[in-house]
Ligand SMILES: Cc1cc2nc3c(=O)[nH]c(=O)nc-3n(C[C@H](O)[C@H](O)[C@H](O)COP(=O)(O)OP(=O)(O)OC[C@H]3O[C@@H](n4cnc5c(N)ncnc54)[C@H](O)[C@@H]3O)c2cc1C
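For reference, the chain that follows is the form predicted alone, supplied as structure tokens.
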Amino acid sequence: MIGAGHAGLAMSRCLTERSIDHVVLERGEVANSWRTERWDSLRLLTPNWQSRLPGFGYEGDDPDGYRTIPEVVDFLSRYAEMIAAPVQTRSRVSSLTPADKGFAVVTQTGSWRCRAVVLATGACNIARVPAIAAAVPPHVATISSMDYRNPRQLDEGGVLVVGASATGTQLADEIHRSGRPVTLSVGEHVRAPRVYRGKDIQWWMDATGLHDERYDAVDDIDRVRRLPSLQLAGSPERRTLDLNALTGIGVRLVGRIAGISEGKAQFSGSLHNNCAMADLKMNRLLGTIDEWATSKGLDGEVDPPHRLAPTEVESAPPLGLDLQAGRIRTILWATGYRPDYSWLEVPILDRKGQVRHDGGVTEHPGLYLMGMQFLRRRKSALIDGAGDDARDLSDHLAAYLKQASI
């Protein structure tokens, strides 16, 4: 097992239940990414009750709250201890290669030979910064969401936040409230209310079975896996943080950044369309929830249906922004992440550097993947999704080992 985050630990528990000897190699400490690659104020986007791993769950008195990062680290550390996960910390993998009847794994602390490997290193190892970042004028500071910790890192003055999914909206909100005027560059996004009909939107996704939708039941799984994350924030107030909430405090919206030329940022004219599409898809989701609630006789037990106001966009959003004028002092790239497979010497990557797989089973026998977006279910990337995926893949891995021993 490579990676001791929630996915690797869930798989470790399932392998232990099957008496399959294994080791979990971790580059740092358990929950390393949560410890070192998150901003200070971040909270989980899922409520506490939804932090469920095989044989372990939330036991506190605030099931509808949202964990802070230290609380997430503590939760995963306690899980690793409870399941006695065989974690080798400070064991960064430098190469994984095919070997006779299995694989050879080289780490900074030693080498391993094994018959199977599970890649559980996550999807968010490297900030995905667009190539146009190279054209940013030198007097404008740039920072990725992976390196951002709090507004004190930033110069005083305006900030252009690029990307309006969960990360971009949260950082735009925090930075603007720090007194730095924010312009938010908006592309395709997925809008959702934090609470709908008195229940957290994640409760509805769980109860209706939407989170359990399987990868092999989706028409275009590749596109679905590329969809941005829901515009959600885990605030104590359980508030909806969408574009209307941001414009309500003074954040200015512009379209998707299309280029930077001669010190001027250029934005597409698709802002109205992207916002209209996000509103349409959100209302379809809420309609699905309403139909399910009615079918289950819940209408009298939850709040009545309602709809959020359409996203407000100025009639003629600017298509350009002069970065030489001094109003923008910092650009923050909230444009997503990508996995790091620089150490992987098995030919299973596609032209975009992603692992080719069928529900976590790669085309190389004995090599598996965990913890990625919509790996086997819509909830796969959530802490709550790791358990079901680990059970499925441990079934497959056990059968593979049995067959290989014949």
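Nothing here was measured: the structure is a model prediction, and the numbers come from that model. Residue numbers run from 1 along the displayed sequence.
As for the form predicted in complex with the named molecule, it is not shown, yet the points below apply to it.
S.K.: Between 159, 117, 120, 162, only one gets a heavy atom within 4.5 angstroms of the named molecule in the model of the complex; which residue is that?
M.R.: Looking at the other structure, the residue within range turns out to be 120.
S.K.: Residues in which of 130-138, 241-249, 88-96, 288-296 have heavy atoms within 4.5 Å of the named molecule in the model of the complex?
M.R.: The contacting stretch is 88-96.
S.K.: All three of 20, 364 and 375 touching the named molecule in the model of the complex at 4.5 Å, heavy atom to heavy atom?
M.R.: Zero of three within 4.5 Å in the model of the complex.
S.K.: Answer with yes or no whether residue 371 is in contact with the named molecule in the model of the complex, where contact means some heavy atom within 4.5 Å.
M.R.: Yes, residue 371 lies within 4.5 Å of the named molecule in the model of the complex.
S.K.: At 4.5 Å between heavy atoms, is residue 167 in contact with the named molecule in the model of the complex?
M.R.: Yes, residue 167 sits close enough to the named molecule in the model of the complex that at least one of its heavy atoms falls within 4.5 Å.
S.K.: Does any part of residue 268 reach within 4.5 Å of the named molecule in the model of the complex? Heavy atoms only, please.
M.R.: Contact with the named molecule, no.
S.K.: Is residue 383 one of the residues lying within 4.5 Å of the named molecule in the model of the complex, judged by heavy atom distances?
M.R.: Residue-level check for residue 383: yes, a contact with the named molecule.
S.K.: Using a 4.5 Å cut-off on heavy atoms, what residues in 35-63 are near the named molecule in the model of the complex?
M.R.: In sequence order, 38, 39, 42, 44, 45, 46 come within 4.5 Å of the partner.
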